[in-house]
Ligand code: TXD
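In the block that follows, a single chain appears as structure tokens, in the form predicted on its own.
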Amino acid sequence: MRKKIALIGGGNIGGVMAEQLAYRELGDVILFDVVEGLPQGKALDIAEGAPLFDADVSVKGANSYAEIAGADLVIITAGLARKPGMSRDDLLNTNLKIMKQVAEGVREHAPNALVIVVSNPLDAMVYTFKKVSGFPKNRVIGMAGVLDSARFRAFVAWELGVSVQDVTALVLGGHGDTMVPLVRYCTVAGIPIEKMISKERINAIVERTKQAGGEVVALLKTGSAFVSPAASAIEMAEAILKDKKRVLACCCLLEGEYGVDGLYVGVPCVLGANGLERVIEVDLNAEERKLFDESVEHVRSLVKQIEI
């Protein structure tokens, strides 16, 4: 029997995810949105294209949480997107209300699902879902580090004129301006980028990585990035659905790891059939630790604003 995947939010990210999940035959897809007709129309369009990809899956739209009943995996993108000049943090109050409603709907209708949260501000939204749903920590994970690391990889590959396939990167911390791209752990075919790129250019790449989402928002003017976030969430979903034991940077609830307790922060972890299977602690030097701690404190300041 195919897995059932529920996508909460039928906007740009939800639409791209529905398409990719279906055409890759990762499972049957339910696309949920509160706007009548929107998820049904997108689902029908995707379903009608499935024969061209030899994809034998079901894709349906829904306006009722009852339709997600029995979902094995839930991916949440519901909430407002950024506009030019806005930070992810500016979305906190509006998206907090939406996330509470989503958490209640998922808790009632898909109580055994694994959950990936994509909505911003990411670290605060994952925390909110966990608190409202009461789900165990292994079943509630945030998508951030996969996307941030992918952007870091892209910028390094472009700088060197090499394949993105050969670039490995790791970005930790909160999903925002305080994120921590770990230069020491970034390599090209195993070669540290510090041996290939000048310090000045590396610093520029790090800053571009931190501001990458805002760069897209400024260009689009009417929305935020959606293809790369969707692809990042799908990489996590595939690791879970296929029990691949992938090592990916995700937003995880820390309970003592990295000296952090009770906060969702981006760290490398193992993803498999049980969701978050374990957190991996990497050694941080003094500078990296300082930046990571500053990022954690920013996450803490957001969480303190949340009333549940």
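Worth saying up front: this structure is predicted, and the values here are computed from it rather than measured. Just count from 1 along the sequence shown to find any residue number.
Beyond what is shown, the protein has a form predicted together with the ligand; the following relates to that form.
Segments offered: 67-75, 194-202, 158-166, 219-227. Contacting the ligand in the model of the complex at heavy atom distances within 4.5 Å is 219-227. Looking at the ligand in the model of the complex, residues G176, A249 and G266 place no heavy atom within 4.5 Å of it. With a 4.5 Å cutoff on heavy atoms, G105 does not count as touching the ligand in the model of the complex; it lies far away. Interface residue remark: Q211 is not counted as part of the site for the ligand in the model of the complex, having no heavy atom within 4.5 Å. In the model of the complex, the ligand stays beyond 4.5 Å of every heavy atom belonging to A231. Taking non-hydrogen atoms only, S119 approaches the ligand to within 4.5 angstroms in the model of the complex. Shown here without the ligand, the chain has M143, A144, L147 in 135-159 lying with a heavy atom within 4.5 Å of that partner in the model of the complex.
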